[in-house]
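Considered here are two forms of the same protein chain, supplied as structure tokens in two stand-alone entries, structure 1 and structure 2.
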Structure 1
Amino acid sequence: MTRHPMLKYLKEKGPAGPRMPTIMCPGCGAGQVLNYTLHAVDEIIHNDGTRKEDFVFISGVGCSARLTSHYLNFDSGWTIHGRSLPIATGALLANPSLKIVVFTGDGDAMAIGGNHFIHTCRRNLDVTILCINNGLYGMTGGQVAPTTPTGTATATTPYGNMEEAFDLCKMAETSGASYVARWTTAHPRQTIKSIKKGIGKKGTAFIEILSQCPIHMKTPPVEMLRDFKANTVSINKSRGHGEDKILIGEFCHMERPEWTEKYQKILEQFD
């Protein structure tokens, strides 16, 4: 049997025994996001001389956060619900040469961690934020999230969600992120390319990846992936006739001075 090429970046077992299989449910999109991320990281390691040990993966709590748990054979922190970005901030202040990738869920990033999300983007700290947006709280049983579409019935909206959903990319862009993009798990090549760009960007890169939770959405994964294809339209092609569809693509790609670079100027005064 051929081994998956990305297994080299995972810890399959340790002194305490096997670490696999992962806890992800069959058909979950989180594993796809990990696969895309590792492909991007692999290309960066092979092509631009970044060392594997320069990468640090940080997450909070949630199904998406499990990607940095004990499977990953990198420096990583599987931390506090909503606080992955301040923790990444600390790591960056201690060592600005680290390549920090944050895995976060839609609830983790935008509900409990919403304030930190805004301020991380505003500061333009050099982190790549990969938000696995499954439109709900997967880990705790499918409750409503700030990203759940209006009308959806969930465990805590038995009469349908009456609130409006957040547009995470708009929030990232207005808050000051340097790179902002949205894809879905059904767009592997584009997602990998975006993650590479995001990691290469000096500043905050935010990439939202719409992902399927077949269990709580009670929909077969294949159908959800098909919907991701059918219900999205590229920002380059929309031209006003895709308003009923979800926009995907790169929303923002600019150069802005990054926090630690600016701080470096202060440090140099005292050299």
Structure 2
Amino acid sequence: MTRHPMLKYLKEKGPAGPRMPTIMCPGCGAGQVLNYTLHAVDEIIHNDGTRKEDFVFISGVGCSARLTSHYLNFDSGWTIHGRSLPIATGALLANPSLKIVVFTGDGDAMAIGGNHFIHTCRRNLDVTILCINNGLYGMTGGQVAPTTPTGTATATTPYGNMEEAFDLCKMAETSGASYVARWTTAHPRQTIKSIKKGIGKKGTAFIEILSQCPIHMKTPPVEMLRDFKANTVSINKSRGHGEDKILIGEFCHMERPEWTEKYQKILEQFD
């Protein structure tokens, strides 16, 4: 039987036995994001001369956090809730040549980790942040999150969320990230292309990936994927239309000084 080409990047067995299939709920989009990420990394390794050992994956706490130390056969760090970006900062200071990819969820990044997020973008730290946004707290029971759309019923907003949701890409762009994009799990090719761009970008790359949580939203995953297609519009094609839809695409791709490079120049003054 032909093995899947991405299996070489995964831990198939652990102390407790086989690790595959993953512990993700049936239909969860986190596995798709892992797939897209590995395809992007595989292309970088084969085409750009980057070594597997140059990558480090870091995560906080949440559904997406299990993708790192549990399943990835890379150097990785499974850290505490909301603190993946400070850990990434330390790793980068120790070795600025690393390609650091952070897996985070919308709650992990934008609630308890929100302050670290805006300052990482402000500093333009050379990390790639992949935010798997399912619009709620998936691991702990489906509670309302900072990204839950207004009116959505969750475990803690049974009559509908009355608050406005954060626009994560606007936050990243206005805070100073060099590369900002948004896609969905229903846009695999675009997502893979963006992840490659993000990893290759010097500075903070933030890629938001809207993802389905069929268990808590009580909706079949296929229907949720169809909704992603129907309810999104490319920023290049919107032209003032589709105000009721979610914009997807690349929002920012610019050059800015990167933080560790500026830090290194200070150190060189004392050599």
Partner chain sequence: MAGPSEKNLLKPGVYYLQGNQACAEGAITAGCRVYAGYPITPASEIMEHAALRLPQVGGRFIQMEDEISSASVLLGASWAGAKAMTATSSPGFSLMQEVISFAIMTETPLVIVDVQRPGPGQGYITTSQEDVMQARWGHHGEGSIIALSPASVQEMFDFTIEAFNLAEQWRTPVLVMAEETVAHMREPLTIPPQDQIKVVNRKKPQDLGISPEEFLPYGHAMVPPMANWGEGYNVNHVSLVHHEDGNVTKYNRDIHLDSVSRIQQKIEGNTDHIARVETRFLEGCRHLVICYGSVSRTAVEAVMEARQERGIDLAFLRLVTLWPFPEKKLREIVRDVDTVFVPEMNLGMMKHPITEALRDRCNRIVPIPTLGALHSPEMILSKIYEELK
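Counting starts at 1 with the first residue of structure 1 and goes up one by one along its sequence. The term rigid core refers to the maximal set of C-alpha atoms that superpose within 1.5 Å between the two forms. Not measured: the values here are computed from a predicted model.
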Correct structure when looking for the form predicted on its own: 2
Core-superposed C-alpha of Met254 shifting 2 Å or more between structures 1 and 2: no
Inter-form CA displacement between structures 1 and 2 at Gly17 - rigid core frame, Å: 2.5
